[in-house]
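Okay, here we've got a single chain as structure tokens, the form predicted on its own, with questions on binding and movement later.
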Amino acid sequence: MGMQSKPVRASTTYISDLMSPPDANLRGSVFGGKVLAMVDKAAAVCAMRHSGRPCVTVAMERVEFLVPIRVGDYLVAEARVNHVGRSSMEIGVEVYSEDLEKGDRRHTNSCLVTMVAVDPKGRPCPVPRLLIETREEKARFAAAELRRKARAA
């Protein structure tokens, strides 16, 4: 019994929040942990939408903060499935900060999150294949294949 393939667009997820003083340090910069929590949540929702199952975080890689995020910024995390294995999914998450007064939007960081779908006993279980529809999706899939092979070596 094969699973139906799912397109990237079916599970693309956006999580957003307005940054307030409890989210930041004494200098008004948002805590990295706050950003990573949003990244993890966006990746989890994306993976669950794709797999139709509960998912757990296995790894986060390439977490680089490019610009500071300030109190008052509107933070948006965009998550997409880049690649799927038997039970694992690589989710690419891009984070943007919007200055609502100026209308500026800045790319603040990107992360790769590996999620695994699990059954009710917490064991890894199969996920649907990924249906690639665009050039960008094909490039993300190919890059993820190279990373996967490099990790296995």
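Quick caveat, the model's predicted, so the values are computed rather than measured. Start at 1 with the first residue shown and count on from there.
Although not depicted, the form predicted together with another copy of the chain is the subject of the following passage.
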Would N25 show up as a contact with another copy of the chain in the predicted bound form if we use heavy atoms at 4.5 Å?
yes
Can you check whether E137 is within 4.5 Å of another copy of the chain in the predicted bound form, heavy atom basis?
no
Using a 4.5 Å heavy atom cut-off, state whether P124 contacts another copy of the chain in the predicted bound form.
no
Tell me, yes or no, whether R62 is in contact with another copy of the chain in the predicted bound form, where a contact means a heavy atom of each within 4.5 Å.
yes
Would you give me the residues of 15-35 that have any heavy atom within 4.5 Å of another copy of the chain in the predicted bound form, in order from first to last?
I15, S16, D17, L18, S20, P21, P22, A24, N25, L26, R27, F31, G32, G33
